[in-house]
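Below, in structure tokens: the form predicted alone, a single chain.
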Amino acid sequence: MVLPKFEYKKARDVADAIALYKGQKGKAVYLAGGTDLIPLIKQRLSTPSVVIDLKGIEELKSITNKDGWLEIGANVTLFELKIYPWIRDNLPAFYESLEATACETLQLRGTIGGNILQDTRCLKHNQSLEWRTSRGFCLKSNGKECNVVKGSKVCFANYCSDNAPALVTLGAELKLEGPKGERVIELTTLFTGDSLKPFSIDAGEILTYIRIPAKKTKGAYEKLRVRESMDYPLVGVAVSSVGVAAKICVGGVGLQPRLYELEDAGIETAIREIADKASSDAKPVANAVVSPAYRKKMVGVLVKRAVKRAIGEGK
């Protein structure tokens, strides 16, 4: 597929990017690694008049560890994070989620900010314009109803970040900067639960930094996918543990990640109860390449597997 025409602008810094955005009256989008945005533009799922390139903003390419926080610039690539020793040694859930994201070629290009802010996906939406025209447009393409759950006025597209569930279990925060100034939010508050507008960010806001408490954790990330080399998660489960307590986050199935807390990850019955609840809470529909029933069952399977690996069992 060929890219449509748009105007390209390269931002010198964050303030310049925001100024460029304000001058376009809502018709611009920000570009970082481009692994999510460029396919969307090719498929005419995003139709900006102007693309503002953030890749050259050096201040967003830093990784610092001080004052009890690991602060990561949103332009740091997934590969750079994967080979960063402190993350590998202290944040295993995050490290494994980076390793599991797509393939190394895409990790070299994709950024952590872009992975968090990737759009929700659906098998009957992420297709070419010709495909969608022949089938009829869904809610996410400004149609009148969901094409997966006929008659529904709710979009069931899945949020498919590998890295966000791991960051949720680590208590990550986000720094955002936009026309209204700068603010810091907990990552858990980013998600709206609305697949049409999945993030609680204002027009023109830029994700500048991700902040993670600099604590040593145990952890694991488990992922269901068909092709090991490139697929988005059909189910993704991250677990991070400090002491006997653990946080579990389920992604890839549904509108937003779901967070669970386990008071004692060493108790088999407690693990089973959390796994059963996570599986019960999952309400997949037929918008992925495997059946909803299989994805639902695998939520519980992956929760058990990830918890046991995180606390040193089942290896």
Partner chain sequence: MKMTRVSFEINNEKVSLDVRPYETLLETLRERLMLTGAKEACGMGSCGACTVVMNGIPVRSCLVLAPEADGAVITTVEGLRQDGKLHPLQQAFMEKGAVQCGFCTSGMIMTAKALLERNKKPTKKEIIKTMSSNICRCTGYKKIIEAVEEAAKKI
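Please read all numbers here as calculations on a predicted model, not as lab measurements. Residue numbers count along the first chain shown, from 1.
A second form of this protein, the form predicted in complex with its partner chain, is not displayed here; the remarks below concern that form.
Peer 1: Is there any non-hydrogen atom of residue 227 lying within 4.5 Å of its partner chain in the predicted complex?
Peer 2: Flag for residue 227 set to yes.
Peer 1: Spell out, yes or no, whether the shortest heavy atom distance between residue 55 and its partner chain in the predicted complex is within 4.5 Å.
Peer 2: It does: once its partner chain is placed as it appears in the predicted complex, residue 55 has a heavy atom within 4.5 Å of it.
Peer 1: I'd like to know whether residue 194 contacts its partner chain in the predicted complex, with contact meaning heavy atoms within 4.5 angstroms.
Peer 2: Heavy-atom contact with its partner chain at 4.5 Å: absent for residue 194.
Peer 1: Determine whether any heavy atom of residue 39 comes within 4.5 Å of a heavy atom of its partner chain in the predicted complex, and answer yes or no.
Peer 2: Within the cut-off, so yes.
Peer 1: Among 253, 32, 249, 246, which has any heavy atom within 4.5 Å of its partner chain in the predicted complex?
Peer 2: Only one listed residue qualifies here, and that residue is 32.
Peer 1: From the list 188, 200, 152, 105, which entry has a heavy atom within 4.5 Å of its partner chain in the predicted complex?
Peer 2: Selected residue: 105.
Peer 1: Looking at 64-72, 257-265, 270-278, 41-49, which one sits within 4.5 Å of its partner chain in the predicted complex if you count heavy atoms only?
Peer 2: It is 41-49 that comes within 4.5 Å of the partner.
Peer 1: Which residues within 1-33 place at least one heavy atom within 4.5 Å of its partner chain in the predicted complex?
Peer 2: Residues within 4.5 Å: 1, 2, 3, 4, 5, 6, 7, 8, 31, 32.
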